[in-house]
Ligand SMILES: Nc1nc2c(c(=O)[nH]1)N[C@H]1C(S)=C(S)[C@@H](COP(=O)(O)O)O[C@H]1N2
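Okay, here we've got a single chain as structure tokens, the form predicted on its own, with questions on binding and movement later.
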């Protein structure tokens, strides 16, 4: 069966089974085609699976809305963070010249990139909205290199399914499926509003995922691990978010 006909079948099947036989049947169909989120267990599993599978297909080529410069928020909101560690303060004092992004896992060429390395890659900007599950939002310009450039640089292996990403803050980590990781608007943000990315907004490096809710946009990024399963990470639910009661997939 071709990729196109397979996708059409799945779209039709999900819609039909959800309408005629309920979420549980759609859940089984999504399992059959491998469109199951890491947090699919538990009472809400079928609903989470249906949401993820449907949106994964419908938004495969979707771009987040981009705004004119005139709509950049005057006073964007920064979520309060714990005081940086002494190591972080030292790095900040030397302009983050020692900052590294390690990329490992299911890749042909594991690597460690400095900010200078990342800035030498193609740089793009986007004016997009950060939306929080708590109800607030703001529009800002984000500047950085698309994640797909880095992933192609290290050579992602065919069996890869997820990119898990981690902050210097131990409790802050998350993951994306490879479709979202390779999305053209998923960027390693190093700048904001024509300047360096402020620490309050995750500087020196933050993952910007404009098609998903704010908590997927991890601050102080320092490691990405490409993997075929999230079971060995945390509680095996794909990120710290579902461990705290939120959904792993948080598409807007």
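Numbering follows the first chain given and starts at 1. In this text the structure is predicted, and so the values were computed from the model without any measurement.
This protein has a second form, the form predicted in complex with the ligand, left out of what is shown; the following refers to that one.
Visitor: Considering 169, 104, 141, 153, which brings a non-hydrogen atom within 4.5 Å of the ligand in the model of the complex?
Guide: Exactly one residue meets the criterion: 169.
Visitor: Just give me the single entry in 187, 40, 218, 190 that has a non-hydrogen atom within 4.5 angstroms of the ligand in the model of the complex.
Guide: Checking each option against the ligand in the model of the complex, the one that comes within 4.5 Å is 218.
Visitor: Considering the ligand in the model of the complex, find the one stretch among 153-161, 127-135, 95-103, 176-184 with heavy atoms no farther than 4.5 Å from it.
Guide: Of the stretches listed, the one contacting the partner is 127-135.
Visitor: All three of 113, 118 and 223 touching the ligand in the model of the complex at 4.5 Å, heavy atom to heavy atom?
Guide: No, the whole trio is out of contact, none within 4.5 Å by any heavy atom.
Visitor: Classify residue 214 as contacting or not contacting the ligand in the model of the complex by the rule of any non-hydrogen atom within 4.5 angstroms, answering yes or no.
Guide: The answer is yes: residue 214 has a heavy atom within 4.5 Å of the ligand.
Visitor: At 4.5 Å between heavy atoms, is residue 79 in contact with the ligand in the model of the complex?
Guide: Within the cut-off, so yes.
Visitor: Quick one: does residue 52 come within 4.5 Å of the ligand in the model of the complex, counting heavy atoms only?
Guide: Result no; residue 52 lies far from the ligand in the model of the complex.
Visitor: State yes or no: in the model of the complex, is some non-hydrogen atom of residue 200 no more than 4.5 angstroms from a non-hydrogen atom of the ligand?
Guide: Output for residue 200 is yes: heavy atoms within 4.5 Å of the ligand.
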